[in-house]
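Quick heads-up: it's one chain on its own, the form predicted on its own, in structure tokens.
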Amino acid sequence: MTPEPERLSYWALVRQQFAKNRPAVLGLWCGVGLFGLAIGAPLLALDQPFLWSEGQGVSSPLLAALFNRLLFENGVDIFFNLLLVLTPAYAAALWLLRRGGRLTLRATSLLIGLHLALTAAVIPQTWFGAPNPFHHEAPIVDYRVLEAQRIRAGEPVTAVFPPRRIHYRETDPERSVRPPGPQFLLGTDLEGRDVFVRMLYGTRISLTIGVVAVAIYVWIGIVLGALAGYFGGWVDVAISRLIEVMICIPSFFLILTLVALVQDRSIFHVMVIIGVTSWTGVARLVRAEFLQQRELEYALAARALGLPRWRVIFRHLLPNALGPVLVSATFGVASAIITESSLAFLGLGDLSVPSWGETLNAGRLEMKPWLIFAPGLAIFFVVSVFNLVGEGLRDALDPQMRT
């Protein structure tokens, strides 16, 4: 007898088709590399040593500096620094889950939720009025100067620094607007800050903006689109009119208006504003999918069994409507990065973070090519990476494109 061919699940077929698209796979690996650079940025550039010894034991100032709020005041840096420290534990947990056959989407989501909860616990200065024990502030020691003093005095000292011994906020007017060279790979800006180091840490900002803003508007779009498509009637009419009103307003000008109204802007304000103004496309996609899916046999059977409406919507219909949403979200990451860079270029971003748009604006003001090409090429590269992945997902999810 001829053996029965192995039946693959829908998402297995999608993965198989995606793997055939070499540009998309290359884009996916480039995206993984970008996240790796964002996580490991302090290992490449920081003014604190990995190891420090002056004859009285060995310490690791860099490890303590990762959570020093005088060095890293932004929540995005704390998120990535915590991820850097816990990466070995997360990798071990994923390996154990995979070896035990329990590596599922739910298990991965739990790990992500755990990390977000830990980050939320570390960032605040107080917990409901009580001091946060994880909020760490300590005087900053310049170990580069201390090392030089020890060497001049002939005292024993051992220091292992990252390849670039500089912080992205470190300024020096004497090295203002220097061109690229051996000391500063991408030159310096008007305030004497190392452009290469700021570009490196700016990867954290761009990726966080893209992922968080997209997560916000995908969640809003899924909820509103699902309600409109499932219930129909006046619910559909009300949500559809809201979508049409939002579409009539140019999104970028709406974002500019909302950002301008915020006095003390932070990167989180920018994320939320982009998220709450960009959900209309996802809502329309989900609504269209629900209008089609709700009349299929499995949806009718779920309702006939008397299952609660929320269970029918989010447990049965939604998983079958996520295909177009994933494609839209991937393209949305690139769009959110461009929007944040545009806001920073116009001076409406968070001035405390190393945004690529801010560096690009500095290049425009100073008319220095290295301040224009470096962030411009970085934005182009990241946007191209996510667009390649989005196109690969779109083709993989299209049954007519499968071979």
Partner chain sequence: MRQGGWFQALLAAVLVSNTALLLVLVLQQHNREQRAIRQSAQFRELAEGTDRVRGELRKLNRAIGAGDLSGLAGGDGDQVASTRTWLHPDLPNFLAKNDFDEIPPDAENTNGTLTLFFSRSDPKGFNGMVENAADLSELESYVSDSIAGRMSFTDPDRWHGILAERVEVTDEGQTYTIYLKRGVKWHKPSGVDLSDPRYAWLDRDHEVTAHDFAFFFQMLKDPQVQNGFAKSYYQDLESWEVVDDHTLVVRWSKKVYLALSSTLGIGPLPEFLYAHDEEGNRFPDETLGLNFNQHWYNSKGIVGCGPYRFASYSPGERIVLERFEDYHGELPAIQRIVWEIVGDQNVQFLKLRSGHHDFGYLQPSEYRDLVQPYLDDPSKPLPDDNPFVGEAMGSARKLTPGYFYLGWNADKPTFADKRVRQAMTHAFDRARMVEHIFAGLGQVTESPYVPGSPYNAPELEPWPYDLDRARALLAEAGWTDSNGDGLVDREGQPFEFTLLIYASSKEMDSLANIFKEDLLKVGVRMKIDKAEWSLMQKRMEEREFDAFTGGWATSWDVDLFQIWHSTQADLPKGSNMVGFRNAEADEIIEKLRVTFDLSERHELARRFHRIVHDEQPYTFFYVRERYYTWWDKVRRVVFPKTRPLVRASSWWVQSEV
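Positions refer to the first chain, counted from 1. All values derive from a computational prediction rather than experimental measurement.
In what follows, reference is made to the form predicted in complex with the partner chain, a form of this protein that is not presented.
*Asks:* Is R165 one of the residues lying within 4.5 Å of the partner chain in the model of the complex, judged by heavy atom distances?
*Replies:* Contact check for R165: no, nothing within 4.5 Å of the partner chain in the model of the complex.
*Asks:* I'd like to check something about E297: if you look in the model of the complex, is any of its heavy atoms closer than or equal to 4.5 Å to a heavy atom of the partner chain?
*Replies:* Flag for E297 set to no.
*Asks:* Taking heavy atoms only, is V58 within 4.5 angstroms of the partner chain in the model of the complex?
*Replies:* V58 lies outside the contact set for the partner chain.
*Asks:* Applying a 4.5 Å heavy atom distance criterion, does D236 contact the partner chain in the model of the complex?
*Replies:* Output for D236 is no: heavy atoms all beyond 4.5 Å of the partner chain.
*Asks:* Counting only non-hydrogen atoms, which stretch in 171-179, 325-333, 211-219, 236-244 is within 4.5 Å of the partner chain in the model of the complex?
*Replies:* It is the stretch 171-179.
*Asks:* So the partner chain isn't shown here. In the model of the complex, which residue out of L258, L103, L190, L114 has a non-hydrogen atom within 4.5 Å of it?
*Replies:* Exactly one residue meets the criterion: L190.
*Asks:* Please pick, from S109, Q125, Q183, Q149, the one residue with any non-hydrogen atom lying within 4.5 angstroms of the partner chain in the model of the complex.
*Replies:* Of the candidates S109, Q125, Q183, Q149, Q125 is the one lying within 4.5 Å of the partner chain in the model of the complex.
*Asks:* Considering only 359-390, what residues come within 4.5 Å of the partner chain in the model of the complex, judged by heavy atoms?
*Replies:* The stretch 359-390, when checked against the partner chain in the model of the complex, contributes A362, R364, L365, E366, M367, K368 at the 4.5 Å heavy-atom cut-off.
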